[in-house]
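Starting off, we have a lone chain in the form predicted alone, written out as structure tokens.
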């Protein structure tokens, strides 16, 4: 029998508003289910406008005190938060696996990644620099300072429910902002756990507020509120556009990390074993449910068959099961809708000439489990060449020339992540410049780190998370012209 006592110490079935854990008055609850079993693991409040307004008001009241702290004082709170996450990583990972389904080892990696983002921004809090500009006028000084924007509204997804909020909360608090966060209704507990952590780390009431419930009502309240000065969202391009449009009505700052359709190019001079390892890392972690997962593999004809054979061996070796089961390498998809989408894309690919080498159907476990899948003979007419699959499905597309590969890779409205493998130094610089994506992995399938800017171009969003650039969207630039000197 699985003992989840540690995880339950972080499960909260209430909203955190102004330092108090409260429900949603008369609005009911949302059932939260384990995607591996379908069993209910608890409920959270079905909050809406009233609760969101209260959370925003609390954040607004807390802003003057939090922003007035010395940067070193805010940093100290964030360092304490990062340390607390590390000491409680096992419990937080168990809670994450329970509601999201990913293997426990992946969940722990996500939790520790969240701690790394918090620590990074704790360090950056003390490096919010300004400028002194040489004045063109006599007896005058020109200074440029950067100040926190104010109340931040954050909306986070279900695929990385802990670390996605870490990127936003860490940057907001380091900059001196206060925050109202809405985690996904599919995985709310990993979001609410941040409230418990904030309390334990000594972060004052009202600085961190978390509401669960009606996504449309909460999002509309956030974008309509004059007290909210920035909206940050990770999720679909469709929803991101709606939030950006609504935010623009009151000229709010916004950053959007949206959909992706990542290409992965294997040139015929690549190290094939390294390419396959990179492919597995870039495709199958979290059951393919990441925005930077490879969606399209473009493999040069000279190594196409060899790469397909090597990748097929690796895909066949993946162990599918519940996230808590020993040896599990791939867990369930998040829900039935995800299964339906994957099935439709695989059916379309095979109907258009694709050949299934591995998988291609529901797993014997049933429910939300899908077989890790590899399909060859890909063509640009397939839906998967254009649509984000968000599942454990790889399609290999052949190509002849470098120009052809780059053209196919760029043939998407998305511009988040891309990958390519080659041992040709000149090609590395040439192709890197030609790929129209915000992030490029070269001879590696893992690119996410707190020290580098995460974000995309085109319809994959605006703004960056992590790195020294991650604070920019949480700070306003102020110019001071001081005369009479």
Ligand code: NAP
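Numbering follows the first chain given and starts at 1. The structure displayed is predicted, hence computed values, not measured ones.
The form predicted in complex with this ligand is left out here; the points below concern that form.
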property: Whether 157, 236 and 257 all lie within 4.5 angstroms of this ligand in the predicted complex by heavy atom; result: yes
property: Non-hydrogen atom contact residue 390 with this ligand in the predicted complex at 4.5 angstroms; result: yes
property: 4.5 Å heavy atom contact, residue 243 and this ligand in the predicted complex; result: yes
property: In the predicted complex, residue 278 touching this ligand (heavy atom, 4.5 Å); result: no
property: 4.5 Å heavy atom contact, residue 401 and this ligand in the predicted complex; result: no
property: Proximity to this ligand in the predicted complex (heavy atom, within 4.5 Å), stretch among 72-80, 149-157, 309-317, 375-383; result: 149-157
property: Contact residue in the predicted complex, from 98, 177, 164, 208 (heavy atom within 4.5 Å of this ligand); result: 164
property: One residue of 102, 283, 296, 182 in contact with this ligand, assessed in the predicted complex (non-hydrogen atom, 4.5 angstroms); result: 182
